[in-house]
Every structure is written in C-alpha cells, then in structure tokens.
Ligand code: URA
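For reference, the chain that follows is the form predicted alone, supplied as structure tokens.
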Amino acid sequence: MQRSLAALTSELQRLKAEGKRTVSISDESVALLRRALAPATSAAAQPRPAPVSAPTFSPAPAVSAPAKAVAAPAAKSEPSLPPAPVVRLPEGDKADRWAALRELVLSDPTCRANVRPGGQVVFGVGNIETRIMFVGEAPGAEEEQQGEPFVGPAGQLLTKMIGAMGLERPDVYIGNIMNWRPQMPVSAGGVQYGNRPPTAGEMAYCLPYLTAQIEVVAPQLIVALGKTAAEGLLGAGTFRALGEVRGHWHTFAGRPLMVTYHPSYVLHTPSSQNKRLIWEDLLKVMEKAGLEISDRQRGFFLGK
C-alpha cells in the first residue's frame, strides 16, 4: 500500500508540473485513500515540514448518486526556519573556495536538523570548470542516502541525457535548490515513502548556497530541471504551467538559464514526443555552450 501511495504522489506531482489543479476520482477510490491515509495521519502528528498543497480531488459522478467534492488533506503551516544564510567564502582558488562552501553546507545546523536519521545533507557534484550546470529541486530517497544529487532513477536518466549530448556526467556540474530531502510522514518503521516539492521557505533558505555554487563554479549557462527548480530560480508566481517558460532562455545570477522538464517527467510519460521536447531544449543548450552537434543528434526522437 505504501508503494502505491508513493506512486500516486509521484503522479500527482507530475500532473501539478503540467499545471493541472484538479483530478477526477471515484467514490470507491476516495474511500480507499481515506483508509490508507488513516495510519499516516496519526504518524503525521509530530511537528515536521509541511507538504505543499495537493491538487483537489473531485470524485467522478457515480451512476446512483451525484458527484461529491472531497477536499484533499489540508497542508499544515509551513515550518519555521531561521533567516537564509549569508554566505561569505574565503579568498583562494576555485577548488579551495568550493571545498569551503561544501563544508559550510554540510555542517549547516538547519540543514542537519532537517535530515532524518541515516540521511545526509546533499551538496552539488561534478566539474567545477564546466560550461553547463544542471539544477534540480531536492534530494530524494537515494540522494539523501548517498549524499549526492540525481543518483536515483531520474538521475540515471539524466546521466543518459548528458551522454546523448556527447558529454559524461563528470563533465558537468549538478546541484539542487534544496540541500535536504523535504520530510513527509513516515511509516510505523520510520520509513518515508514518496517525496514532495520543497516549500517556498525551504527553497529560500537554501537558495544562497546554490547561488554561491554558481558564483564559484561560474558555468557558462544553467539548466533548470522541472517546475520547482524553475520556480526557485525565476521566482514563485512568475508562471503557472512549466510549458509557459520551458524551451526559452531566461537569466539567473547573470547567466543564461534554460528551463526544461525534469527527467522524472519522461520516466512517467516515456513517449518519443516528450523525449523530443526535452531534447530540443538540450540542443539549444548545446548550441549556446558551443558544443558540436551532429546530424544524428539533431534527429534524436524524430520519426519514431
């Protein structure tokens, strides 16, 4: 049941990324959800960061009775966090400054306090001399265990995408808006199933650390992966659906910013059309970064 709920959570996040705010669900499914969520409700009694508002569930009409609107569980108030840190790095070469920044983030009391037992604070990895920096939203289960961004299924797909660009993962830099995995209620065994996007407050706290990484690494351009990362970099409320801003050049920290879909979008909807949408964005990234593009690369995911 927990894995089913995790799959449901991922699907709702995908729909939210597409700009959808309501879904239809039968009365029977609503009843099943209520029973499944009953244990999680008691586990959620302990204070912890709140999930973002979920889309509203609107049950599909039943033959014997009119449809009834059933609201999703209300989100708790956003957790209280201290003011965002002011990052001051020592003088020195790029490698020394990056190492100092990494130590600063990994030892940050707020970051450490929000990591569950057995998890790790997650910092960016890769080539600090790169031209291209990828930015995601927050660590997931695999990431908090390994202390590295994009190592789960979505990360494996990102590695393949980078390979299709004619690069290897160590050739680029990969970071996240958030440095810890946003918490959700856990099972009786203490396991957290599923993920949620970080709140605006959580992103605001961690953003100075990402900005400092951009300053130190000084990439030629940045790629935002997914709606949450785009909101963190462009500002909440600047767009409603990711399609409004993806595929276009924006600016963050004085550097060109390309917005595209998160790799998990392709994992959930693995059509050639969706793969082509992301690939067209990456072709623009390759062009601006001065990477050579073959005819074969330009034709990826066309006519299939």
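Being a predicted model, the structure only gives us computed values, none of them experimental. All residue numbers are counted from 1 along the displayed sequence.
Below: the form predicted in complex with the ligand, not depicted.
A.B. asks: Quick one: is G232 in contact with the ligand in the predicted bound form, heavy atoms, 4.5 Å cut-off?
C.D. replies: No, no contact at 4.5 Å.
A.B. asks: E143 near the ligand in the predicted bound form, any heavy atom under 4.5 Å?
C.D. replies: E143: contacts the ligand in the predicted bound form.
A.B. asks: In the predicted bound form, is there a heavy atom of the ligand that lies within 4.5 Å of any heavy atom of F150, even though the partner is absent here?
C.D. replies: F150 belongs to the contact set for the ligand.
A.B. asks: Is it the case that E137, even though its partner is missing from this view, gets within 4.5 Å of the ligand in the predicted bound form, heavy atoms only?
C.D. replies: Yes.
A.B. asks: For the interface check, one of 209 to 217, 150 to 158, 179 to 187, 86 to 94 should have non-hydrogen atoms within 4.5 Å of the ligand in the predicted bound form; which one?
C.D. replies: Careful reading of the contacts points to 150 to 158.
A.B. asks: Residue by residue through 261 to 280, which ones have a non-hydrogen atom no more than 4.5 angstroms from the ligand in the predicted bound form?
C.D. replies: Counting only heavy atoms within 4.5 Å of the ligand in the predicted bound form, the single contacting residue of 261 to 280 is H262.
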